[in-house]
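Only one chain comes next, encoded as structure tokens, the form predicted alone.
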């Protein structure tokens, strides 16, 4: 059986595909890769369907041994990749033979690298997805040393002409569509434009927490619990925004001042603690 054995995990290594949307009525968030474009690229490079399961590696530090022949690719921010101790290219197919060892170093910018293997990580699906959900515990547990990852049936790599690594900037200008509870705040668009924040080290796959300007409400109290979508910007009583990411709770009682468009969320998923953040309200 083709498989990978985990020799080192780094800070966090998770199995992720494109998630399990459509289960909010059961209290289950969508989950899936925070930087979906990087995962889908890695899958294309090794000949997988774009929704195949791969590995999301927080700050690298991952090592695995191949059992059987396979092709892997590592995408996301630029990182040092080694095969049997020798440097090889990221963002390109890498062939592994029996007992070859691959190491993924710490990315030079950003937070998360993605490793795809030909055939995909063939663990059992739960609610239609192989993704790990760190909030509810659905899906495979975070990887640990000596875990064995079975691989599915390989396809044919398609290749790419040019594959630049993800560039994770040191300052983010985040678009935000106001509502549904922007009326709870004094001049919400102006407060968001003028505020300045940094990414907190308390951020995770549930939400990106921001430190900095506290937003001022004009209404007291809290709301009954309401449904939440990925990208919702919730403002707790301390006034500091939380941008909900893929493993977010499906309901919440703090007012949501706006929603970040889905296409921008991968940038937030790659933002390290200390990255500067400002909001750009849009119609």
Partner chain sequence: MLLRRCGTDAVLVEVDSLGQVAAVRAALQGIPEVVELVPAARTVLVVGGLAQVRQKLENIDLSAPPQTDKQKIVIPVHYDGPDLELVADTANLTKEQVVELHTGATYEVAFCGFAPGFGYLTGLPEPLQQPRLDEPRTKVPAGSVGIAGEYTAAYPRATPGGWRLIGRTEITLFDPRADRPTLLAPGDEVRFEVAG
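Note that the structure is a prediction, hence the values are computed from the model and not measured. Residue numbers count along the first chain shown, from 1.
FYI, the form predicted together with the partner chain isn't displayed, but the following is about it.
- Within 4.5 Å of the partner chain in the predicted complex, a heavy atom is found for not a single one of 8, 98 and 101.
- Of the heavy atoms in residue 225, some are within 4.5 Å of the partner chain in the predicted complex.
- In the predicted complex, the partner chain lies within 4.5 Å of some heavy atom of residue 179.
- Interface membership of residue 265, defined by any non-hydrogen atom within 4.5 Å of the partner chain in the predicted complex, is ruled out.
- Remark: residue 124 counts among the residues lining the partner chain in the predicted complex, judged by a heavy atom distance of 4.5 Å or less.
- From the list 225-233, 66-74, 50-58, 33-41, the contact stretch for the partner chain in the predicted complex under a 4.5 Å heavy atom rule is 225-233.
- Residue in contact with the partner chain in the predicted complex (any heavy atom within 4.5 Å), chosen from 89, 190, 211, 183: 183.
- Along 1-40, these residues reach a heavy atom to within 4.5 Å of the partner chain in the predicted complex: 21, 22, 23, 24, 25, 26, 27, 28.
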